[in-house]
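This document opens with one chain alone, in structure tokens, the form predicted alone.
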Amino acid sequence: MDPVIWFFALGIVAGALRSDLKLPPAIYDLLSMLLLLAIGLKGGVELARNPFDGLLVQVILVVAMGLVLPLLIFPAARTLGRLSRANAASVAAHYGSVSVATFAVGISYLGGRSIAYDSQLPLFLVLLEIPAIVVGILLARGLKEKTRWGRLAHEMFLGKSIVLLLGGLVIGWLAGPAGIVPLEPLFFDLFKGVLALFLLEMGLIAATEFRTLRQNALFLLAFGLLAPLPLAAIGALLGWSIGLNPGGTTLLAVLAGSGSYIAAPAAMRIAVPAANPSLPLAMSLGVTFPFNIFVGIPLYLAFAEWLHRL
């Protein structure tokens, strides 16, 4: 197992035992910024090395997946969990969107096994942040005049994660492999160390989310553990069908099977205040995130490799 994952386990244990271990907020913010920029820069450099042939079709299909996934999740959350319309829509938005941290762990996992992935995956990461949130809002509220679409658009498109990912992607593409060399010691060589510290804090946060699982515990645990598998399978099948390599197929499965805990919570708090914010956050961060990094990512890689042997 990749050593960085044990930092997450350490955070969970420390949080469960109510240790006073905690990263200062400024350090946590710095680590998240470094991770987002590193992912964007690496993707931009790889895009500069490769032509854009066929990318438009892939982008359209990936965005279509981002629109379809919440439509599949919503009825399941509504019927199986007996959730209110607002809460079911919020769950759909969270699970239709993506987790940057899970994607970063997926990159680290593939890197440890010297498995290459397609250069456009960071671009897909950016694109998949938004569609599910929009669909979730429409499922909850419809096209109501009271929805503050301007503020909501600002939150989604100018949020920290989107700005840093997209900005890093553009900078890496403009600089190219040669131009990015002076930045490699900070953003590339230290990537796994930064990720380890980030996951330590994520473990501490996840431990606190476990406490919110007491209400509707059976559904929350079952959904958080089982939902990633069919969602990831959809992502893997799409990646295989559009010509991604096994590494790229794995990462698209990781994106499809992950749940957002940054962009979606912020947007849904603004647009759907009737939804309980702790419900989907406890599921995505307290259940699905640990499942994916301990169990899911190796499964998605095995499935992707099996697909590519067909």
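One-based numbering along the sequence shown. The shown structure was predicted, so the numbers you read here are calculated from the model rather than taken from an experiment.
If you look for the form predicted together with another copy of the chain, you will not find it shown, but the lines that follow are about it.
The candidate spot formed by G81, F291 and H308 is out of contact with another copy of the chain in the predicted complex: none of the three has a heavy atom within 4.5 Å. Checking A140, L164, L123, I130 against another copy of the chain in the predicted complex, a heavy atom within 4.5 Å turns up for just one residue: L164. This chain lacks the partner; the member of L47, I242, L34, M65 within 4.5 angstroms of another copy of the chain in the predicted complex by a non-hydrogen atom is L34. Using a 4.5 angstroms limit between non-hydrogen atoms, R85 is distant from another copy of the chain in the predicted complex. Using a 4.5 Å cutoff between non-hydrogen atoms, R113 does not count as a contact of another copy of the chain in the predicted complex. Within this chain, P177 is remote from the site of another copy of the chain in the predicted complex, having no heavy atom within 4.5 Å. Using a 4.5 angstroms threshold between heavy atoms, L41 counts as touching another copy of the chain in the predicted complex. Contact with another copy of the chain in the predicted complex, defined as any heavy atom within 4.5 Å, is confined among 95 to 103, 113 to 121, 178 to 186, 221 to 229 to 178 to 186. Although another copy of the chain is not shown here, in the predicted complex the stretch 12 to 47 places heavy atoms of A14, L17, R18, S19, D20, L21, L23, P24, A26, I27, D29, L30, M33, L34, L37, L41 within 4.5 Å of it, in sequence order.
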